[in-house]
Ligand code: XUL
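To begin, one chain is listed below as structure tokens, in the form predicted alone.
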């Protein structure tokens, strides 16, 4: 039986801010929430978009002191708002994936000796062997990716779940070794954003979970442990610099007394932190296989849970650990909502026409007319240059035809590159475009799956709170999803469209190639 007030705190450190949510797992309600926007609330860190300006557009680094200042500020805001922090039974968290934090040999002592009289950013300013942290947006490691491909080859994807990727942590570590060998030599520990902030909370050395650790090109997901040969190929002595690997359901440690000044109880269990994508999987109630999440944002993502470890034979999809156990897939498509916006603007129509009228005026399948609106270089499939691709005279076609061609082309591509995961019975759709009737029906028909829209915002922070409730309070993920992730809308597939769209998958593959 759950206590009358079963409160759990979830924290999500994203690219542009830090969010906090306290859930009452007993009643299925949000007890309190707060947020910090890095650019607006902490302008002294010169990071208006969450990262430091750099003359090289490929370099995207953040100041880890910014994340510490935000942690103090978000907890202070919760306290000031009267949040019931003293009753919080467990804490969980998520961080932007792939970002790395480099600590020197003074870090362990300083973390253990946190002083409530001084801000975190002040007393921890000297613990970094690398002053800035490369984040997921960084693409400066092209040479290092090529080197890892040459040194490790196909086994990198086969065992870690992903090929060498510029934004992944392993290539970033290798670049640090090459550009600053003295800084690398001064490094005693390399954390992810998630495990670093968990370490601050416990005043110790938190493990890395398999969800976030799989975004490093270093974790052998088959074994659930660091891969020594891959680590050695990445940088000498790297294995000793990596934290322990934690198992799903694990605890990072107990909350340091420093945080009692905000009203939290010292010793409160802190769950293993994870990456923002694994946390969102849980926070969207999609932790079980057979249910996928389609996020329709600036970039579109498709992610889903599955049990038996396997990888994308085409090498485009990624595999991470699932905080609920097993694994999850993720495919990211760079041309998402911004591409749809450009198609709409070029057609000279409003959003009502784009979302509804265009689909009323055209048949499913669009007579075979398809388009891929790649206005930015695409990453799934990887290495595709920018440029709209169509199998008909796109510019001369009516607006409705162009809109359906683009939406169906995007959706067929999403289905093509998630087929390796398995069959989905349900798609949970989020993001701004989830309001579009035409897009929702197209998703239902192409995937031949039930499409659900749910009333969830800040899914990573909510997922972090779910992880806290499960790992520290023993609350079942199914119970949490039932209470916090209610379905607000449903679209069913039309069986008569199944063969039609199945037949168009080959055409989309041809257009991509």
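Numbering follows the first chain given and starts at 1. Quantities reported herein were computed from a predicted structural model and do not represent experimental measurements.
Just so you know, the form predicted in complex with this ligand exists too; it's not on screen, but the next bit is about it.
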Looking in the predicted bound form, any heavy atom of residue 276 within 4.5 Å of this ligand? yes
Report yes if any heavy atom of residue 169 sits within 4.5 Å of a heavy atom of this ligand in the predicted bound form; otherwise report no. no
When the contact criterion is heavy atoms within 4.5 Å, does residue 15 count as touching this ligand in the predicted bound form? yes
Are any of the heavy atoms in residue 330 no more than 4.5 Å from a heavy atom of this ligand in the predicted bound form? yes
Give me the residue from 96, 195, 217, 280 that has a heavy atom within 4.5 Å of this ligand in the predicted bound form. 96
Quick one: from 424, 353, 226, 136, grab the residue that has a heavy atom within 4.5 Å of this ligand in the predicted bound form. 136
Partner absent here, but in the predicted bound form, which of 197-205, 184-192, 96-104, 83-91 has residues with a heavy atom within 4.5 Å of this ligand? 96-104
